[in-house]
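Just one chain is shown here, as structure tokens, and it is the form predicted alone.
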């Protein structure tokens, strides 16, 4: 799940598949992606992992790193 998520973020959000994304690297507050991309990410997560996030959950505070996103997915599974 971690690898799928990381590869999706690199390909579709950062748009650089060679980027060495770390699991604790800040995506939004670090300027790698904008907060509008979280909706796209939520759709990917729902389609791929069967987990739904409501709009209020799609914030930099909840979804800023790969580790945070995975924790939120696992909490909902």
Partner chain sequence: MSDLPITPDRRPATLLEQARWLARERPDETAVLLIEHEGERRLTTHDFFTGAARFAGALEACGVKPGDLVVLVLQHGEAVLNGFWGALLLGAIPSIFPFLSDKLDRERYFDSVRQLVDHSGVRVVIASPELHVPLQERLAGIPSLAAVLNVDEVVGARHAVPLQEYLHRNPAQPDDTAFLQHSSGSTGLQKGVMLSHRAVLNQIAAYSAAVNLSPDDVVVSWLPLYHDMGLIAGFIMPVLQGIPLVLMSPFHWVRDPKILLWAIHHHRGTLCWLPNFAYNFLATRIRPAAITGLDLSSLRAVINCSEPVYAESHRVFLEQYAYYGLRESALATCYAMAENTFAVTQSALGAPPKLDVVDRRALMEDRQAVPVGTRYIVSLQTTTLVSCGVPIPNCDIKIVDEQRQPLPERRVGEIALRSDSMLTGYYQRPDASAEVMADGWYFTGDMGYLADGELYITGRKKDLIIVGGKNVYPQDIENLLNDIPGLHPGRAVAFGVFNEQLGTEDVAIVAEADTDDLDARADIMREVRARVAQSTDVMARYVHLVDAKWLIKTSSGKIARRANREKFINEVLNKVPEQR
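Positions refer to the first chain, counted from 1. Computed from a prediction, not measured in an experiment: that's the story for all the values here.
Below: the form predicted together with the partner chain, not depicted.
Considering only heavy atoms, tell me if residue 67 and the partner chain come within 4.5 Å of each other in the predicted complex. Residue 67: no contact with the partner chain in the predicted complex.
Using heavy atoms and a 4.5 Å limit, would one call residue 31 a contact residue for the partner chain in the predicted complex? Close contact exists here: in the predicted complex, residue 31 approaches the partner chain to within 4.5 Å, heavy atoms only.
Could you list the residues in 5-22 that come within 4.5 Å of the partner chain in the predicted complex, counting only heavy atoms and keeping sequence order? Heavy-atom contacts to the partner chain in the predicted complex: 11, 12, 13, 14, 15, 16, 17, 19, 20, 22.
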